[in-house]
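Below you'll find only one chain, the form predicted on its own, shown as structure tokens.
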Amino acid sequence: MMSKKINSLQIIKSAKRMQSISLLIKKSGRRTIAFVPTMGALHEGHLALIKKAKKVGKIVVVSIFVNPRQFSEKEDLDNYPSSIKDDIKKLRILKIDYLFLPQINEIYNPRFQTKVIVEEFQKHLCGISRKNHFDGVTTIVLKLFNIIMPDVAIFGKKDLQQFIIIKTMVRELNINVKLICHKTIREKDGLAMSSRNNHLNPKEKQIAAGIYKGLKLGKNIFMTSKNITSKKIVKLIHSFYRDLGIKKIEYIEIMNPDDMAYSIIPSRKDFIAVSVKIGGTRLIDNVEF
């Protein structure tokens, strides 16, 4: 069986079958397909994207596929959390129409050699330390777009660089899909929700709550200071993190989202992005000015 029905939720494991379903929906001409791509281990951040999809689309498709091509370290892939049974229960409760749940050979055949590259924007932030990461992201997203053919696709703002890169790909390749960037969903202490948070022990999670506090500090400094430089703001956030016990800081940068340029004097349209490592867990976050 290529599909399995659980109440209103249909689980599709075949790319060809999913594409056929999408084509039939398209031919009806009356129903909007809203799509949320995920790698599973669904948390409230994912569910917020899915709820948004339900508001903007008549048909909602969620994909769960842990994409090996966007992992730069094998151990990172091996440690990525999986909770497929629980994920299905959550999608069933939300009354989602389709879950696209392919195996790896449905997405990448043994001779797969195609790669989609947004060349310049991946040279910054996460792209510096995670070589080929964004090539893997754009390749899988374009492939999923071709299979599911959504009218709308929803992504989270926590992964802002990823969204900027996908938006660039969509514009430059004339892909007919509307992109929505949904606000970051946070835990009560401010920590941005992420599947990786499951790897944090209680002490590490307490420290991780300071990531957002540092970003808010940087934004407040910008809002209350005149002509302050990005370098000064970054230095103050860096010191704040060090005092909290965040020792492994990969980057703290202030950038323009339109051209991914580093701002000397920040402006209201810029954003602060950070990546830190707490214990063995890499965490990212950002805020806009």
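Nothing here was measured: the structure is a model prediction, and the numbers come from that model. The first residue of the sequence shown is number 1, and the count goes up from there.
One more form of this protein should be noted, the form predicted in complex with a small molecule, which is absent from this view; the next part is about it.
When you look in the predicted bound form, the only residue of Asp97, Asp151, Asp159, Asp135 with a non-hydrogen atom within 4.5 Å of the small molecule is Asp159. Of the residues given (Met260, Met39, Ile252, Ile59), Met39 alone sits with a heavy atom within 4.5 Å of the small molecule in the predicted bound form.
When contacts are defined as a non-hydrogen atom within 4.5 Å, all of Tyr80, Ile185 and Met193 contact the small molecule in the predicted bound form. Contact annotation for Phe155: at least one heavy atom lies within 4.5 Å of the small molecule in the predicted bound form.
Though the partner is left out of this view, Lys52 does not reach within 4.5 Å of the small molecule in the predicted bound form, counting heavy atoms only. In the predicted bound form, the small molecule lies within 4.5 Å of some heavy atom of His43. Stretch 185 to 193 is the contacting one of 107 to 115, 185 to 193, 214 to 222, 171 to 179, since its residues have non-hydrogen atoms within 4.5 Å of the small molecule in the predicted bound form.
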